[in-house]
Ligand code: DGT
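Before any questions on binding or motion, here is one chain by itself as structure tokens, the form predicted on its own.
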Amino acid sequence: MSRNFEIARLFYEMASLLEARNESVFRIRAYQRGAQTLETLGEDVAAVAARGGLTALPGIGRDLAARVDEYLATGRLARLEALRAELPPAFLTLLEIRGLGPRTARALWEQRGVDSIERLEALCRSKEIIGVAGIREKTCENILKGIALWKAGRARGLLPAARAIAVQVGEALRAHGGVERLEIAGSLRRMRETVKDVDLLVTSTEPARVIRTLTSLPSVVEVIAQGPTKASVRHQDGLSIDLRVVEPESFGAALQYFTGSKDHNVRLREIASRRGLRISEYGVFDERTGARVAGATEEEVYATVGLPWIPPELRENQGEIEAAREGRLPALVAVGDLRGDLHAHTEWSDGHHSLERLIAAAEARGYEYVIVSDHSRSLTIAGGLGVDELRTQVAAIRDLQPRFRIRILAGTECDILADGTLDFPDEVLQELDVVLAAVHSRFKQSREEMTARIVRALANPWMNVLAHPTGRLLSSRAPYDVDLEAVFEAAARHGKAVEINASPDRLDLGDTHARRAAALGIPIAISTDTHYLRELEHVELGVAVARRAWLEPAQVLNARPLDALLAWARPGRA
């Protein structure tokens, strides 16, 4: 399979160099998808090419098939060599710095002669790169942080990106043989919003083969450590990947141990010790005789200390052990419990699909209802709707309804203005089925101003759901300063819901605040904030946050059937 890996590596490089030239995003993504296909292909690509089957592979069209044929015939890619000649030899190393994209790296090379990480760091510290490709002082600070992470060989990644990496690498390991069972462990299995690394556990009769596959993957840029049953590598996206091959009789113990968290594991081992037992990644052992008493499954491990299996999302030493001991573990909400999505946009504002396509996609997911919640008029940057446009949209929704099984809810994501009033008057809001409200401006208001602003919005009788309540963007923007306890008190008093926004950059509310809100009796909406249809799938991320918040279906607004939802949102309306 070495040719598969080599061509995949060249395709990854081609994608980066094309991005540096600011070429079509579709061509860039085509090479990335082609590389992933070859990386996970369980057959020699030469055999596929010989029978004319290249274009039948996912992501391999005629253009990429021609590139594969070219490499198989000549051992080179002429286009790639031409792109390489335009840039310094160390250019791809620059792209390993978090926060430095290919286009910016190219501009730095052309305008400041940045041909190494050492020169990049020096020019950042001297501020000589400010002004190049829009770089500001804050950008310099972020690049220096990226360099520090690169030097440390570690970087925290957002949950969705880390999951994608884990899935891709797992598929590659399975495709190239030797894997009997593979599971994701670590903070990624606990679904934390950011993760430091990816932990993979494998059982195999050929551990050396599995280790060799991992360390040879084209998406791996550095082998940090390697042994007969474990390896640590750095992925091209900056995350470290730790792989361990374990015996089947130890798999459950290893999965429990490497899932963590550390505090949860410490508590578990304290309980075991009081029972004369010792728990390690190899199993549960009788301290007196040394005999193994459990280890093949996690259920066995927990049972030895008198506990039921505890869902990974709860393993943070936040009361889950006591709840397990007392039979109080929650029946956590699952994706299948949700009956609809309560936050979605269309091309009427800043969405990228029509009303019809959104509704059809939601119906295909088996939902009972879906909302259309385009932006309101003040958010001009997102093409917010004016009053007349909103009413026209509502009429279009009502006209479409007979064509679909799913109930189409007419709504809006209405701006909360600086003084806490809503962007549409009440006589307009009351015409809608469900109203979301959110802060999209004036993020720098004082804590007192922001709190009063949101509390006033919650008092509006026609507003239903507070969307992305802290305004954070995990990759770029801190939460605004707000007293969430006061916000939650107002939401509870006025009978409003708050949202877990499943957008990968938001995950807002976070689990701690969502758990507090639910404890106060506030319904929680788990919504995707969909702008592209594929983002409907992000519901899994929102559910993960809800599970970490200990939420059960009864606490989730959009786990309610349609009649109950409408009775809550618009009581008394027929």
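Computed from a predicted model, the values in this text were never measured in an experiment. A residue's number is simply how far along the shown sequence it sits, counting from 1.
There is also a form predicted together with this ligand; it is not shown, and the following applies to it.
Quiz item: Hey, of 358-366, 193-201, 423-431, 165-173, which bit sits against this ligand in the model of the complex at 4.5 Å between non-hydrogen atoms?
Solution: Stretch 193-201 is the one.
Exercise. Tell me, yes or no, whether Lys138 is in contact with this ligand in the model of the complex, where a contact means a heavy atom of each within 4.5 Å.
Key: Taking the distances in the model of the complex, the answer for Lys138 is no, it never comes within 4.5 Å of this ligand.
Quiz item: Any of the heavy atoms of Tyr257 lying within 4.5 Å of this ligand in the model of the complex?
Solution: Although this ligand is absent here, Tyr257 would touch it in the model of the complex, with heavy atoms inside 4.5 Å.
Quiz item: Can you check whether Thr93 is within 4.5 Å of this ligand in the model of the complex, heavy atom basis?
Solution: No, Thr93 is distant from the partner.
Quiz prompt | Contact flag, Val266 vs this ligand in the model of the complex, heavy atom cut 4.5 Å | solution = Because a heavy atom of Val266 falls inside 4.5 Å of this ligand in the model of the complex, the answer is yes.
Exercise. Check each of Gly186, Gly351, Gly340, Gly471 and return the one that places a heavy atom within 4.5 angstroms of this ligand in the model of the complex.
Key: If I apply the 4.5 Å criterion carefully, the residue I get is Gly186.
Self-check item: Option touching this ligand, based on a heavy atom within 4.5 Å in the model of the complex, out of Lys262, Arg275, Arg493, Arg328
Solution: Looking at the other structure, the residue within range turns out to be Lys262.
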